[in-house]
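As structure tokens, one chain now follows by itself in the form predicted on its own.
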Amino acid sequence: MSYKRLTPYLFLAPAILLFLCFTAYPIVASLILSFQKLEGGTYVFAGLANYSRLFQDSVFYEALKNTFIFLIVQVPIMLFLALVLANALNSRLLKLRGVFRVGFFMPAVTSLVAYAILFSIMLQDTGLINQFLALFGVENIKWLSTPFWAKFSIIMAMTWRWTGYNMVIYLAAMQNIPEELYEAASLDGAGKFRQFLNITIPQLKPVILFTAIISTISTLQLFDEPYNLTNGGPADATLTLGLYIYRVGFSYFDFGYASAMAYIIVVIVAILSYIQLKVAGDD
């Protein structure tokens, strides 16, 4: 092969090498590890033992249930708010649009530790939120120490952090919708709400599908918020699949079992993404 034909491969070589080392190898190694268990300090082949154990693990089912609660409740709320905010911030009637856009996007780039500390302080028994609610006669709510309110706190924190991120994606997509469509709709007597339903949402369908799939994958891997705010408590009420994998892997050093759980999540993500694509009618 001539030097000229080899040149593209030489430029690609560093990227391919990094991909093989840091992406392909861990994927294959963790898959192999999911069929192994530790005996006497050495990993030995265990067949489907890790997967069989997983389906009899009540804590795994609790983590799976919690993760799906977050997915079913938080993702639709977040995407709906992002869509409404993007539509409002796309209006030419609104002054200081740049300031509002930056303001709503800021939580997405805020340090995770700083934001977790902030929410922990606000959600304390004598925190800012309880003090505010007390003005309306509402008794102290134990946000982080009761199962229901701990879940609610996680949902509230995730919505605060990621709504602006999705809003920016919708906003960018809205600015590519031809203005002529809205002008024609106005001439036909369609109001703003009708235009939003019949023009904006259909035009954004591929983007909404994209954000729904990305949000679903992120929620199934949810770790940061429950780890920093509640550490999975109280009584595993906010334990997620991501946090359970971390516990099994890095607290109990059972990496074979943790790898098996990780691959179950991969299967769930693939199934849900396929369903979302089919429901949206996207081939």
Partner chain sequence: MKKTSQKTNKLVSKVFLYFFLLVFLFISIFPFYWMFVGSTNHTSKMFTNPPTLTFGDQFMTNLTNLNDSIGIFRVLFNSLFVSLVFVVLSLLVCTFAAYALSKFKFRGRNTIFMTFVLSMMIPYQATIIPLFRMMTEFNLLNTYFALIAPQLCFPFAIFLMRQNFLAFPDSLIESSRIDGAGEFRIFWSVVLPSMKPALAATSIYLFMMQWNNFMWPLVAVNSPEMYTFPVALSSLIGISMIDYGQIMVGISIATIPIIIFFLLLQRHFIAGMLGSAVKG
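Note that the coordinates shown come from a computational prediction; the quantities given were computed from them, not determined experimentally. Positions refer to the first chain, counted from 1.
The form predicted in complex with the partner chain exists for this protein as well; it is not shown, and the discussion that follows is about that form.
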item: Residue (of F35, F70, F60, Y227) lying close to the partner chain in the predicted complex, criterion heavy atoms within 4.5 Å; value: Y227
item: Position in contact with the partner chain when the complex is considered in the predicted complex, options F100, F196, F148, Y182, heavy atoms within 4.5 Å; value: F100
item: Candidate site I141, A212 and A235: all three near the partner chain in the predicted complex by heavy atom within 4.5 Å; value: no
item: V266 within 4.5 Å of the partner chain in the predicted complex, heavy atoms; value: yes
item: Distance check, A88 to the partner chain in the predicted complex, heavy atom within 4.5 Å; value: yes
item: I16: touches the partner chain in the predicted complex, heavy atom cutoff 4.5 angstroms; value: yes
item: Exercise: S186 in contact with the partner chain in the predicted complex, heavy atom 4.5 Å; value: no
item: Sequence-ordered list of residues in 171-186 near the partner chain in the predicted complex, where near means a heavy atom within 4.5 Å; value: A172, A173, N176
